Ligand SMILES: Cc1cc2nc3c(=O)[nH]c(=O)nc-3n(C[C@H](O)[C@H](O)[C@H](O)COP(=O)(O)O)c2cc1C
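Next up: a single chain in structure tokens, the form predicted on its own.
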């Protein structure tokens, strides 16, 4: 299924073709491809090189997969039943520089997941990140310490057929991708003032 971004200016093909499907094939992801996702995340940038990201991985309905699945909100469970890989992204909160709560652990973990997302495209895979899950239940099931915070659950695998989804989800899967314009997000001078080079497009 092709949902290539209709970009205003050229960007790389991996980013252009990235999107978050809900229809996945019930097909195992090869180990080498899965490792490449985490290798890409491992080499992401982080403040002070603290690398706060941690990942808990469930595959092919194993116990870890079942536990991650059980943390999902009902709306996400509906389309994750056949997803081969579920990943819980966890951020380590404590800064090694001063022992306090890092101001960047969430940002940095998000960067790592972004790297993972693009590498997934490079491997012929797709991912879908979800905020609809219970961090509290995740902490309980996986004995996650207070020094860490579950941030998102990531579905990963091969893209499936939208026609296998419920009617409501199928409509969401097939709808056109949209984004805010550059003039709404790129500023100069003051917040909210569009950068001149954007106005000149």
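Numbering follows the first chain given and starts at 1. Everything numeric here is computed off the predicted structure, so don't read it as measured data.
Beyond the structure shown, there is the form predicted together with the named molecule, which is absent from this document and is the topic of what follows.
152 is the sole member of 64, 36, 152, 149 with a non-hydrogen atom lying within 4.5 angstroms of the named molecule in the predicted bound form. Site annotation in the predicted bound form: the residue of 123, 111, 102, 76 reaching within 4.5 Å of the named molecule with a heavy atom is 76. Figure note: of the listed segments 45-53, 134-142, 26-34, 169-177, the one touching the named molecule in the predicted bound form, with heavy atoms no more than 4.5 Å away, is 169-177. Taking the partner from elsewhere, residue 130 is found to have a heavy atom lying within 4.5 Å of the named molecule in the predicted bound form. None of the heavy atoms of residue 181 is located within 4.5 Å of the named molecule in the predicted bound form. Within this chain, residue 188 is remote from the site of the named molecule in the predicted bound form, having no heavy atom within 4.5 Å. Residues from 1-20 that approach the named molecule in the predicted bound form with a non-hydrogen atom closer than or equal to 4.5 Å are 18, 19, 20, in the order they occur in the chain.
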